[in-house]
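Shown below, as C-alpha cells, is a lone chain in the form predicted alone; questions about how it binds or moves come after it.
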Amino acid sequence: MSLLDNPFAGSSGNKISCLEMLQAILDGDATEEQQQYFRKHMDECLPCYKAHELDMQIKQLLKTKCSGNPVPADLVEKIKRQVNSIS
C-alpha cells in the first residue's frame, strides 16, 4: 500500500497516522473506501489491529454496562490509559 492509494491522505497528500485512521473508523467518520483501506492496513500493522480490538472491546463493554446510554468520552480514555499501564 502506498501513500498515493491512501484515501485518508486527502488532497494535501499528508501521511496520516495509524491512530488517526483508527479514530476515524471508531468515530464512524470514515467513508466505505477508507474503511476498506484500513481493514487492509490492519492485516499489515499488528499494533493497529491490537489498538482497534482493544477500543472495540472497551466500547462494547461500556455500551452493555451503560444500558445504551452515551458513554462519557473521558471514561473511554481513562480505561485505555489504565489498560496500557498494566500491559
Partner chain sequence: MEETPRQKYTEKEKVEVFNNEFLPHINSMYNFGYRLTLDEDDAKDLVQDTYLKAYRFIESFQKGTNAKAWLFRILKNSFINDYRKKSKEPSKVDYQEVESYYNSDDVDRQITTDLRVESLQDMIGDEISNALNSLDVDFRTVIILCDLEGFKYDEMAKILDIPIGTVRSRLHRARNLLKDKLSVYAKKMGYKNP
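Positions refer to the first chain, counted from 1. Here the structure is a predicted model, which means the values were calculated and not measured. Rigid core here is just the name for the largest C-alpha set that superposes within 1.5 Å across the two forms.
Not on display, but discussed next: the form predicted in complex with its partner chain.
Proximity of residue 31 to its partner chain in the model of the complex: non-hydrogen atoms within 4.5 Å are absent; the residue sits far from the partner.
Taking the partner from the other structure, its partner chain in the model of the complex has a heavy atom within 4.5 Å of a heavy atom of residue 59. Although the partner is absent here, residue 42 lies well away from its partner chain in the model of the complex, with no heavy atom inside 4.5 Å. Taking the partner from elsewhere, residue 71 is found to have a heavy atom lying within 4.5 Å of its partner chain in the model of the complex. For the partner-free chain shown, 47, 48, 51, 53, 54, 55, 57, 58, 59, 61, 62, 63, 65 of 42 to 65 come within 4.5 angstroms of its partner chain in the model of the complex, judged by any non-hydrogen atom.
After superposition on the rigid core, displacement of the C-alpha of residue 24 between this form and the one not shown stays below 2 Å.
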